[in-house]
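Okay, here we've got a single chain as structure tokens, the form predicted alone, with questions on binding and movement later.
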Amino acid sequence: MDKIPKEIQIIIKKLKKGGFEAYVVGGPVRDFLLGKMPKDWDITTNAKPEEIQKIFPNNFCNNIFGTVTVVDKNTKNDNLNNIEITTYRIDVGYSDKRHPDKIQFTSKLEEDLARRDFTINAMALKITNYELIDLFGGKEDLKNKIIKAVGDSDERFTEDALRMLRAVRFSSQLGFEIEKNTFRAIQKNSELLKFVSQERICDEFEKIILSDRAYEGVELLRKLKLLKYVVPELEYGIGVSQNRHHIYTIYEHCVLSLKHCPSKKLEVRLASLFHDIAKPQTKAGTGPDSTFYNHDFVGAKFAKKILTRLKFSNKIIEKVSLLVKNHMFYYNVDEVSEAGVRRLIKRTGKENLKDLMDLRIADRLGSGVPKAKPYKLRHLEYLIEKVSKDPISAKMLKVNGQDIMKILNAKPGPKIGAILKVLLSEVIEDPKKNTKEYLEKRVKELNKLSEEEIKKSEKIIEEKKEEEDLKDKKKFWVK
């Protein structure tokens, strides 16, 4: 009894005192049997919602399933602040392939368990004596590490198509295999996933990506014919060869990069999976000399489109896009200047460099390269630290917009901003120029030029940078 939180024990005892049955049910029982402390606790009972509410006045119930959430503000465990109690029920009809058309309360626990998705989630636990109610062999399937649908597999997935993704998610999180009949039923009904909202698909996909077996999860989505309804863009790379720098096809490389990603951050894992997603569309030539012009920039747009479609947050979308866009940064000791490193920091933000490094490591290992971080990457880390205090933004210049207006006795306007951009470009190239004396002198010199001439000067500097970047990319066979 000491393993069951006292808050759960109190709720069940109160329900029993009121003359009702009460069991811990579903995922918490599964986790409990696996030796894990459940994060969430669900209770099922033969008490009707209104009867539950009488026993627990501090509650809310605003759903069509009759689930009553008991609120306990006194507990120190956040996972026990809100405990869901659900009346035994039967689900009737699933015309939208996702939600029951209506529910019917029942007095039989057996009928409630029979409506659940997988055997490992269809067990109930009587906490007074730890009696396990296991009508569908869930305990045995846990032992054998199997994901198996309750009853008729076809029925379970035509009732609720999201269950197919949940099967993949449980397989990825638990390291379990999907039972053969359940596997075939998912393949057969895979197209029903199009009836599921993108928000719910996103929830399950995110959990798969964050699991310890994310690679296996994405591969399972492909084998089960579900990937085309989640990220069809990944399938475009199946069977598409690369160049002499890669031994794997584009799809294989993407999923292997995810497998070897050293970061547990969602954004970095997504970037690892998507970093080369635009290669099929940008491929030029065949064989070992193939090139993939601008696949990093096009890939960033692809990633943004995919993640927007899946309803990820703007914060995640922007971060993944930034990482994909910049994953081809080129660096070789003695070939890239400190100015180039400063431009990299300015382009990506110092706070994103560790994630960009992790993406590069994933990319390397996903290419079949045995060494994750060669000397040149370690040297880059050193150089980043060395130049990190050098100016990379207008805020770090020794003069600002107010200073320029004062020097020129001018009002705010586009010309002031143009002068600032030129000053920053020059200082990024040579930080020694970031002195008040030099910059004030340059302000006066630039002021003699027209606004168009100043912008042209900045453009020349930018073109020089782009020319350097192009040379770097050619070395890396991507242009």
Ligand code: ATP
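Nothing here was measured: the structure is a model prediction, and the numbers come from that model. Start at 1 and count along the sequence shown; that's the residue number.
Same protein, other form: the form predicted together with this ligand, not shown, and the subject of what follows.
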Report task. Give a yes or no for R163: in the model of the complex, does one of its heavy atoms lie within 4.5 Å of a heavy atom belonging to this ligand? Result -> yes
Requested in this report: Answer yes if any heavy atom of F170 is within 4.5 Å of a heavy atom of this ligand in the model of the complex; otherwise answer no.
Outcome: yes
Query raised in the report: Does any heavy atom of R30 come within 4.5 Å of a heavy atom of this ligand in the model of the complex?
Result: yes
Query raised in the report: Can D141 be called a contact residue for this ligand in the model of the complex at 4.5 Å between heavy atoms?
Result: no
Report summary line: As a check of understanding, the residue in N352, T282, N121, S321 with any heavy atom within 4.5 Å of this ligand in the model of the complex should be identified as N121
Query raised in the report: Ok, K448, K39, K411, K432: which has a heavy atom sitting within 4.5 Å of this ligand in the model of the complex?
Result: K39
**Report entry** Option from 435-443, 66-74, 22-30, 420-428 whose residues, in the model of the complex, bring a heavy atom within 4.5 Å of this ligand
**Finding:** 22-30
Requested in this report: Could you list which residues of 113-128 come within 4.5 Å of this ligand in the model of the complex, counting heavy atoms only?
Outcome: R115, R116, D117, N121
